[in-house]
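Below, in structure tokens: the form predicted on its own, a single chain.
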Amino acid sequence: MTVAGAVIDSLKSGQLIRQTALSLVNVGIGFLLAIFICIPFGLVIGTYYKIFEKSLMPFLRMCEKINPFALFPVFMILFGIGHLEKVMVVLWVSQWPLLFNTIDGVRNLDVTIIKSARSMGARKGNFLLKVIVPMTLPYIFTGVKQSVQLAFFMIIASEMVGANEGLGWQFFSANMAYNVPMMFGIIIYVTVLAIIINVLFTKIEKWFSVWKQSTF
């Protein structure tokens, strides 16, 4: 059995599609939670609470350095073995690039534009939405692309431990059955999916760049 044949057979049976959908759902939920929590938090902290940012940053950097694989047992104890645990694993690894890149974006803002906006009486809400957000978009999307790649590969790893579904579980099952073509097929399949996701977010970034220009 060839690698391509193994993947095609799994696609025809619907097994690979089903496991892909389950993995993507867990990635999507955890990743969206990270976006809705970390980007606003980074914008607000970086813009209005810089003293708080400096005092909190060493602790956050320390948390970022913790090996996520070592946390798998902790997440299993706290959230059980199931979808919630997988979502929280994705949230954990996704939050750091989003948060730090957003804060870096605020740090590197053009001071002249900020002073001009404030001198023209920009209110706090409009200042954040129409000045800070557009100017930090390149940094935010750098964090988004880093986070989604980490999240996608981490969900595969987490599904190899204490799971009975998902792409990681399918790879583990193929490994246990010594189904080498399927093992290599899933590796190639996952790599192609990661490339597609990266291209998709690059296109979204270009679309938001147009919005940034129109905002200014």
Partner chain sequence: MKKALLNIHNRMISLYIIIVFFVLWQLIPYTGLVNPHFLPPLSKVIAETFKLSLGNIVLDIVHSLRRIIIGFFVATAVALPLGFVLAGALPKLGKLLNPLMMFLSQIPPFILFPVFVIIFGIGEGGILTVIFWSALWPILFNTIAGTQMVDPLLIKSARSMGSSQLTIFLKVILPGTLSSIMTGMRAAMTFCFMMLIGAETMGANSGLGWEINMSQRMAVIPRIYLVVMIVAIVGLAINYLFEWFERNTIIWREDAPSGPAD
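Between two forms, the rigid core is defined as the largest C-alpha subset superposing within 1.5 Å. Residue numbers count along the first chain shown, from 1. Computed from a prediction, not measured in an experiment: that's the story for all the values here.
The discussion below concerns the form predicted together with its partner chain, not included here.
Its partner chain is not shown here, and in the predicted bound form it never comes within 4.5 Å of any heavy atom of L84.
Remark: N198 counts among the residues lining its partner chain in the predicted bound form, judged by a heavy atom distance of 4.5 Å or less. Although the partner is absent here, V25 is not a contact residue: none of its heavy atoms lies within 4.5 angstroms of its partner chain in the predicted bound form.
Taking non-hydrogen atoms only, F171 approaches its partner chain to within 4.5 angstroms in the predicted bound form. No residue of the trio I39, P138 and Q146 has any heavy atom within 4.5 Å of its partner chain in the predicted bound form. In the predicted bound form, the residues of 152 to 166 lying within 4.5 Å of its partner chain by at least one heavy atom are, in order, F153, M154, I156, A157, M160, V161. Annotation for T202: C-alpha shift of 2 angstroms or more between the shown form and the other one, rigid core superposed.
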